[in-house]
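What follows is one chain in structure tokens, specifically the form predicted on its own.
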């Protein structure tokens, strides 16, 4: 990476390397020296883009993690007429996409929430914004599903969405703590069954 001359590319390279370092070791234990070694970027270049470690962490939440949530969980719903079927399709992909590393390291957003929300208010607010975006995106999809007859009109879209997001976060945490892929798969199966209960009731 030594020859990088594009400032935007350099910044992105730093962000991605820092994300992996923090995901593996946690924010507080993450080493800037490791990030520099992996990227070949100079310390001066790093501090040009990010004045300190906290600014780097905030950018990871605001840009990388928020984009991951959007692309994985919200973008597919934007073009779907049936949010329940769409969500179930995403959940069914988990067994085929789940890697040992995913169980070992857990959810990057949830990890940061547990580690940094009690110690840094700016981190807490940024993490909360990502969770809010996720919940509100699901809620919007459920509301549209209610209009077109795909979702039970009696459910509260935002409360239901919040429960699903919290369930997914909890599943990842329990699976990480147990180092058990089977726990993650069992939670996924339960969520699939729960989603079926959100369909309109037939007389």
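Small disclaimer: the values here were computed from a predicted structure and weren't measured. Numbering follows the first chain given and starts at 1.
Below, we refer to the form predicted together with a further copy of the same chain, which is not included among the displayed structures.
*Asks:* Against a further copy of the same chain in the predicted bound form, would residue 11 count as a contact residue? Criterion: heavy atoms within 4.5 Å.
*Replies:* Residue 11 lies outside the contact set for a further copy of the same chain.
*Asks:* Does at least one non-hydrogen atom of residue 127 fall within 4.5 angstroms of a further copy of the same chain in the predicted bound form?
*Replies:* Answer yes; at least one heavy atom of residue 127 falls within 4.5 Å of a further copy of the same chain in the predicted bound form.
*Asks:* In the predicted bound form, does residue 105 come within 4.5 Å of a further copy of the same chain, counting heavy atoms only?
*Replies:* Residue 105: yes, in contact with a further copy of the same chain in the predicted bound form.
*Asks:* Residue 20 versus a further copy of the same chain, in the predicted bound form: is there a non-hydrogen atom within 4.5 Å?
*Replies:* Because no heavy atom of residue 20 falls inside 4.5 Å of a further copy of the same chain in the predicted bound form, the answer is no.
*Asks:* Just one of 178, 67, 31, 42 has a heavy atom within 4.5 Å of a further copy of the same chain in the predicted bound form. Which one?
*Replies:* Selected option: 178.
*Asks:* If we take heavy atoms and a 4.5 Å cut-off, which stretch out of 59 to 67, 152 to 160, 136 to 144, 45 to 53 is in contact with a further copy of the same chain in the predicted bound form?
*Replies:* It is the stretch 152 to 160.
*Asks:* Taking a further copy of the same chain in the predicted bound form, which residues of 162 to 186 have any heavy atom within 4.5 Å of it?
*Replies:* Heavy-atom contacts to a further copy of the same chain in the predicted bound form: 162, 163, 166, 167, 170, 171, 173, 174, 176, 177, 178, 179, 183, 186.
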